[in-house]
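Shown here is one chain on its own, the form predicted alone, set out as structure tokens.
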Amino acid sequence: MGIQFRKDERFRENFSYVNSDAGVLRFPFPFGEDRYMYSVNIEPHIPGGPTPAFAHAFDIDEHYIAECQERAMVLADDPGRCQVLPHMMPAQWDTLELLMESLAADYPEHFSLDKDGDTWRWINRPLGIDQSFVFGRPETLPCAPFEYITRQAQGDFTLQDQRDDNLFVDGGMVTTQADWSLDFDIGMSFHEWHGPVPLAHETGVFDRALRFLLRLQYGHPVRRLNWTMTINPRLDTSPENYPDWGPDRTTVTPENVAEKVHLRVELQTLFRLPRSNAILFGIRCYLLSLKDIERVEKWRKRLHRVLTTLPPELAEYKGLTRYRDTIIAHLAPHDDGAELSPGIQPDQTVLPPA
């Protein structure tokens, strides 16, 4: 049986977002230890691992249809959220091929791809799409190939062009970002893009990451987890729309903290592309409310310890300063200090009632 998609979710205004029990337990919880410090933390992106979110090249879950609908709404309001510089057309086709082949192989009940030479037929059953086109000829698609396929995927994507021993953000589909702007960052180098991150530059994290990524090989993708927090289950926390979501940080109280505060995790994946030699950077966003985190004993205790020991610079950078103490006070009574198992996986297979 295929994925049971939720179709009535909203990530804005009158929020309507629910994780099933299975959805909670497959959440890629980002803390494998009781303390957190920014690091490269890159590993091979191979099937398997501590969370089902790692099972496939591109993770599709119960929120797929709703998230694609949200992306379409963002693009209707601001088409500039998808931009690709002209020289990146080979990377656009690389991305389309990678996503179509991966989704068709990993979710055959929902997607299929048939090839007859350069004539391809793509079927996306959840979104009701049946499209024939000629690979390499953008005029045979409803829009540019990168936009076409990333409209049908969860999470954001950027295209990194490699030149002059550096990586440059030369394209992207960015509608679910954590307070950064594609319009501002496009064309930036690797270090320029990561400039605002505190502490990491001094420890050489980005120097090491860049050296590693410049040697990334085709067929050997890698992944890492990143995180922040969001008030309400809002996907679009862009600088362009700060007036819509910024004031939410002032609304957290001891009475509503469990429902309003969401842990926001990015499963970041990097793929070397074959024709262009560019790198596709996937930024898949997951949301889990504090209320649901509390249902997993290991996660609620670990989150309490991580937030308690988080360096002030990182708390400020991640926008947690206003409500971090409220979260810590809420979680403290449920942390007995017992030793926790290492790793991010939950130590339970069944959840108590919400």
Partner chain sequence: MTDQGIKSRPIYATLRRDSSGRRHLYVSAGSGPPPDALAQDGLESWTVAPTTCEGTLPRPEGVGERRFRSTRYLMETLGRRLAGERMGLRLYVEGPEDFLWDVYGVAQAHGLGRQEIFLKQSGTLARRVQCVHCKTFNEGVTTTIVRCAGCGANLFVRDHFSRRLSAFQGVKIDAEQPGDVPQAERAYP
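Positions refer to the first chain, counted from 1. It should be emphasised that the depicted structure is a prediction, and the values quoted were computed from it without experimental measurement.
Only in words, not in the display: the form predicted together with its partner chain, which the text now covers.
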Non-hydrogen atom contact Arg151 with its partner chain in the predicted bound form at 4.5 angstroms: no
Please run the contact check for Arg35 against its partner chain in the predicted bound form: heavy atoms, 4.5 angstroms, yes or no? no
Going by a heavy atom distance of 4.5 Å, is Thr250 a contact of its partner chain in the predicted bound form? yes
Its partner chain contact in the predicted bound form: His191, any heavy atom under 4.5 Å: yes
May I ask whether Phe184, Pro239 and Pro243 all come within 4.5 angstroms of its partner chain in the predicted bound form, judged by heavy atoms? yes
With its partner chain left out here, work out from 216-224, 260-268, 176-184, 118-126 which stretch has heavy atoms within 4.5 Å of it in the predicted bound form. 176-184
Report the residue, out of Pro108, Gly195, Pro274, Gly136, that has at least one non-hydrogen atom within 4.5 angstroms of its partner chain in the predicted bound form. Gly195
For 310-343: residues with a non-hydrogen atom within 4.5 angstroms of its partner chain in the predicted bound form? Arg322
